[in-house]
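Single chain ahead, written as structure tokens, the form predicted alone.
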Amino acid sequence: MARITAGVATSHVPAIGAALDSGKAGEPYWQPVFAGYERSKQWIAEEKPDVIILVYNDHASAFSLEMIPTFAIGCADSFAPADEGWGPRPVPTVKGHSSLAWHMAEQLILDEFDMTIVNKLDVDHGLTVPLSLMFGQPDEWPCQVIPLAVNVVQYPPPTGHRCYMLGKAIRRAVESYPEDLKVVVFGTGGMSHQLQGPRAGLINTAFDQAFLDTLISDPVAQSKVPHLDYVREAGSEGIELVMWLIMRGALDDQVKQVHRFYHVPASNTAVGHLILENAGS
């Protein structure tokens, strides 16, 4: 059967992609950010996942205020980099795994999660920056990817508990798929940041580090944190962190921390990153 072996959490700051694409990764400002992922690139090259389920939020590239799915799963064979206003990123087209994605959609809906099925989807920096951080700049991505988009842009977003339980349902769906596949789940977004208003540029390091601690050791407690706490402590865009709970819910209750990285600043936010392996992997 297919199995989930590990989870990756990472920020998906658009400026990180721009720095990499424009050859600025070695500059003093950006070098510490990319250095924090060198261990991660080595790990994923050794892990060799067949499929990544990548949880992210669309930034008005594929969806808009005209259509706002709470949870959407990409079931196509491929996903092109989105044009976010300055042209698509110069990265490979994302190869999907439509068979597993359709199986997941069916199982999740029967498990009472209302998934929006998407058969045509351009993917923006929310999805491509995490791939770049983990794989660098290959001619093609070395594994297949299932995009899972979450609404954390328009109120109301799903609760942390709903996201955590979706992660558990994803694990059940994957483990009921008959093909022998190694699957890694990515949760992306965050950490603390706010892009507008009087608190623009907010970074709350204490909150970020406490979130990382609790996500690892007591994800059930973290899943109970209400939206208002994220907004108050981590800024209006800090709510993206609920997507990390989907990744965490797909793993064992007890996990092994392979790598942890935190850096301030990257553009106007903090960068957080975790690699967690199932205890039995």
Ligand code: DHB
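Keep in mind the model is a prediction, meaning the values are calculated, not measured. From 1 onward, residues are counted along the sequence shown.
As for the form predicted in complex with ligand DHB, it is not shown, yet the points below apply to it.
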Self-check item: One stretch from 101 to 109, 191 to 199, 140 to 148, 72 to 80 that, in the predicted complex, holds residues within 4.5 Å of ligand DHB by heavy atom
Solution: 191 to 199
Practice problem: With ligand DHB left out of view, choose which of K41, H59, K256, R232 has a non-hydrogen atom within 4.5 angstroms of it in the predicted complex. | Solution: H59
Self-check item: ligand DHB contact at A266 in the predicted complex, heavy atom, 4.5 Å
Solution: yes
Quiz item: Hey, in the predicted complex, is H12 touching ligand DHB, heavy atoms inside 4.5 Å?
Solution: yes
Quiz item: If you check in the predicted complex, is H97 within 4.5 Å of ligand DHB, heavy atoms only?
Solution: no
